[in-house]
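Starting off, we have a lone chain in the form predicted on its own, written out as structure tokens.
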């Protein structure tokens, strides 16, 4: 059967899966502590706490970029050498988790940028992927137009700026420009930007790129406060805003199939808990506040598998099965039409053989009558050939439209 004679409606049906694609197929996280020195212990604990949570909810280490400017676990002032805690109970060692994550083979941490590598330049290069060819892929943000990206930052800041290691700072306009470059290069589908610092909400005031959801710990002219200190460690061990985010995620998000919505998470950050006005900016996402609040928390904090694309994949598989069954029916009809005339000419074929001619027709007829499995194989091969031809034609049409 020639492809040009194939029904146009069936070609269009076969081409549909090639033009449809899931809009969200992976989740990535960029977690950044921008402070060094022992008295900023809580900023590293903030970052490691969120790192542990997103790993627990399913984002693998190869899709998490962790930036830590100081190694508090090995600081000479650390009474608990090799450990970092986010609570004075010290029941959870963030640096080397001995709990459920270790049982799953996920204990410990993988730091991508540490010490002097945590700079404004490297952070901007990470977002925009402006690296030399020699830069390791494991230290790149390998996202695309179907990736949701979570960016968390914590440190010391002020009105529209955040300090990096007390030596440089990044402004809200620097971030806005980097996000616009990401949007132009199709490096994300949607993005959640989170920041815990003084006057945090001013850091997303300059954003203008579509698809960005932003939230911060404090409004202009407000401080971001620590939650509590550990007297044995000697410093504060976690900030309030991050503490209550973690409390919500650890108590409400009990599995990778939780159906908790973003609106519930944002509403949990009340003034009584945070002691400042936590903010959220919805207007850059499609549907704005009402639609965004109905989005699942796992759209940004968890693994996308089993959350976004499982249903669509199953439907696509069922569509292809139906198409294949329809093609097999067409093949069976064509087979019956071809074999019917041969059965009528059985006597003529037999007499031809009696006259001394080679009995080729009788051999073919016997195979058609007694070799059902052989014909099924032929029909299956023909169906696969038709599918292959339809796929090639669809690709050719796609390229032609792309050129136009």
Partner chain sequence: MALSARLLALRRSPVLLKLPPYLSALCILVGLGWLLILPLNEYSRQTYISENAILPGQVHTYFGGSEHNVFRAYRQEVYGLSERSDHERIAGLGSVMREQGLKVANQSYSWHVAGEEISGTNVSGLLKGPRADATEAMVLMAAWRNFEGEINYSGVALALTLARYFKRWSIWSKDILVLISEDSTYGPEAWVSAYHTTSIVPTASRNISSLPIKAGALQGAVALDYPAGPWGQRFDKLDIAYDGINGALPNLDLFNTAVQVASSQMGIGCSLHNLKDHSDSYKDRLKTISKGLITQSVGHATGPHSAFMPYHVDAITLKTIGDGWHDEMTLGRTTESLFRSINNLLEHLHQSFFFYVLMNTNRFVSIGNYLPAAMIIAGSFSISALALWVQSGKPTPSEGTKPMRPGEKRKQPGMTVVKDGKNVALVPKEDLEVVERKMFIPAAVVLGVHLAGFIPLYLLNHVDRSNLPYTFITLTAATVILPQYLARHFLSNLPPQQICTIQSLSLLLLGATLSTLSTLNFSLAFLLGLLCSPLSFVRPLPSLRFSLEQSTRYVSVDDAAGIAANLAVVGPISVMFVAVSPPVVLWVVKGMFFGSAGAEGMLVEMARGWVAQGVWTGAVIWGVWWPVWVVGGSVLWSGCWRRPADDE
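Residue numbers count along the first chain shown, from 1. Treat the numbers as computed from the prediction; the structure is a model and nothing was measured.
From this point on, the text means the form predicted together with its partner chain, which you will not see here.
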Is residue 257 close enough to touch its partner chain in the model of the complex, meaning at least one heavy atom pair within 4.5 Å?
-> no
Quick one: does residue 330 come within 4.5 Å of its partner chain in the model of the complex, counting heavy atoms only?
-> no
Do residue 81 and its partner chain come within 4.5 Å of each other in the model of the complex, heavy atoms counted?
-> yes
Does its partner chain get within 4.5 angstroms of any non-hydrogen atom of residue 322 in the model of the complex?
-> no
Pick the stretch from 175 to 183, 224 to 232, 247 to 255, 285 to 293 whose residues have a heavy atom within 4.5 Å of its partner chain in the model of the complex.
-> 224 to 232
Listed residue that, although its partner chain is not shown, lies within 4.5 Å of it in the model of the complex (heavy atoms), from 128, 209, 146, 75 | 75
Out of 142, 219, 120, 236, which one falls within 4.5 Å of its partner chain in the model of the complex, going by heavy atoms?
-> 236
